[in-house]
Structures are given as C-alpha cells and as structure tokens.
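Encoded as structure tokens, the following chain is the form predicted alone, with no partner shown.
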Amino acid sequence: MGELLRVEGLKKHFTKGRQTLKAVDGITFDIRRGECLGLVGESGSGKSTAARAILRLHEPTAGKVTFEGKDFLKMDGPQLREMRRQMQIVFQDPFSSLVPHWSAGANIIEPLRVHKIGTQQEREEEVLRLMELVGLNTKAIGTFPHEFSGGQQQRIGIARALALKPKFLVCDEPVSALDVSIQAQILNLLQSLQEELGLTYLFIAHNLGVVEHISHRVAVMYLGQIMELAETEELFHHTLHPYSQALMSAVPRIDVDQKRERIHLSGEIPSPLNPPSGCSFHPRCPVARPECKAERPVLRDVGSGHWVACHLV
C-alpha cells in the first residue's frame, strides 16, 4: 500500500494587521493509498483548516503537499484544475453545503458540468448511477434539499463528491451534524464506498469512537500541531502523549477491563493568536516539566510507526 498523499511542514497563518493566527503550524504526515487516516482533536485545534489547506481551499502559508509524487502547491491553470478532480471533500453540514434552490440531481450534476465531462444525457445517467450508489431513491432526483432528511442530504453531498471519480476524499466531520441513529448508516456507507471504489480518506472528527470505527491510522492534533500518530489499535491501547491520554480517558467503554481513569484538563485550549512557548500543550499538561516550556518537541518515530511529539516519551 504505497503513499498517495504527503504533507510536509504545512502551515496556514491568517494575518490581520499586526496579529497572526497560527491555525496550522507545521504539520507532517502521509496517507497511504486506500487507507483512512483519522484526524482528531478539540474544536479549535486546526483540523478543518489543515484539510482545507491541503486541498488549497485555503492557500497554505508554507509547506509542501505531494499527491501521487507531484507537488500540488506548485500547480496552476489546467494542471491544477485536473488535479482538483482527484481530491474532493464532504462537508460537515450537509444542508449548507448544497445549493438550496437546486434539486438533488442539479447539485450532483454540477461538478460534471463545470469540468465538461460527457454529454448532457451521459451526465444525467451518471447522476442516477451515483444516487443508487449512495442509497438514494432515483425518483427523488427532482426533490429539493430541504425535503430530505439530514442523512439523505449527506448522501447527496457524498454523491456529488464522487461525481468526478476522485482518488482522495476529505471527510470533514461528515456525521457530527446527524442524529446518532443515522451516523452509523453514513459511516457504513463511507466504508463500503472505500472498499468498492478504492478510495483514500482523510477523516476529520472530534468523536474518538467514530474515528476508531473507520480509521486505519489516527493523528491527534492540538493547537495547529500533530501530537501523536499511530495505527488505530496501537494508539487506542498504547497512548503515549499526555494530551492523547486525556482524550482517550473520555471515551465511554462498555468493557469494564478497558475503563480508564478520567483525566481532566485544566483551562481551555490557548488562542492560536498567542500560542505558548515550547510544547503548546504544556500549560494544561498534568506532567509538564521545565523543558516542555522552553523547547518545542519534535514529532518522532518511537517504534513501529508510532510517532509522538513529547519530551517525556
């Protein structure tokens, strides 16, 4: 399973006047072809901004994004347009991501029209195929978004994202706006589509239970930086970073033997306008030492592909 996407030293800073907000501050990871990499962290940690920077929905401040060996950030014109067909996104709020006065069919067909793929008849046939693929009744092709349930709206969004036959899909908290009873259906759909179409996912979520269910590997993000990255089972059973341990302690467990003592973090996540010195987690870390405040730890492999950025590991 070779590498499809590689992100190196990616930064996205927003500057207004004399203030600079460091939303993403130098992250590095890769995503293997056909895998699902989960990206987790508290709200405000920079997960969605990182995803948008990778797709160039926000132009990165610095860093490198390599897709199939090609430098995506150096592309422009027709080359960039062609590459965008390979990289699509499913948004968090299915309704706001759709054009409300367009029918389901019109929303799904739009990428095909924009990229001038096929004749009008071929596009319409493809829309019907996509609706069937994601479990939508094709008779609803003329129905408007507000007439669908939240889960059905997300299926329309997924169908639209798949219209250009992408290889890489960013799923930006695709189930967090849905009822719990519907979340499992959408997760199972995404898993079956991944197997059937050979898709590669970057799956963003704050629900660790969801991430554990769908991801092959998981990266933990805090204040614009990657704190820990490992295979899913490895991360959930041998958590190393104090921040990751605090997140894991909050995950409900049915198995009594797997229950952990809850770790309560003090304070809120600091502002990316004025991030702490050294390790960005040290003001809230229950085991921080003086060196944590002085020097920013480097993300390093501590064995078996388990990466962690912590002076104490």
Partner chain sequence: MWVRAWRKFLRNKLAVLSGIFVVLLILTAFVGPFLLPYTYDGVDYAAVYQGPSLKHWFGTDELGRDILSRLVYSLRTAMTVAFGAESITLVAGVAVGALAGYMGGRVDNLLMRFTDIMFAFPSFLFNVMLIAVMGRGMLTIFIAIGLTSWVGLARLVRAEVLKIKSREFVEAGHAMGASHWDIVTRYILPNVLGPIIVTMSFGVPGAMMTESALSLIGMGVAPPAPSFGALITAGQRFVLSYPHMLLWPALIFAFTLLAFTWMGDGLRDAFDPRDQ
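As the structure is a prediction and not an experimental result, all values here were calculated from the model. Positions refer to the first chain, counted from 1.
Omitted from view is the form predicted together with the partner chain, to which the following refers.
Listed residues Leu208, Ile89, Leu190, Leu136 were compared with the partner chain in the predicted bound form; Ile89 is the one with a heavy atom within 4.5 Å. Here is the short version: of Arg52, Lys64, Arg32, Arg284, the single residue with a heavy atom within 4.5 Å of the partner chain in the predicted bound form is Arg52. Residues with any non-hydrogen atom within 4.5 angstroms of the partner chain in the predicted bound form fall in just one of 178 to 186, 78 to 86, 224 to 232, 123 to 131: 78 to 86. Put simply, Leu197 is far from the partner chain in the predicted bound form: not one heavy atom of it is within 4.5 Å.
When contacts are judged by a 4.5 Å heavy atom cut-off, Leu98 counts as touching the partner chain in the predicted bound form.
In the predicted bound form, at least one heavy atom of Arg160 sits within 4.5 Å of the partner chain. For the chain shown alone, Glu212 is not a contact residue for the partner chain in the predicted bound form, no non-hydrogen atom being within 4.5 angstroms. Residues from 26 to 65 that approach the partner chain in the predicted bound form with a non-hydrogen atom closer than or equal to 4.5 Å are Arg52, Leu57, His58, in the order they occur in the chain.
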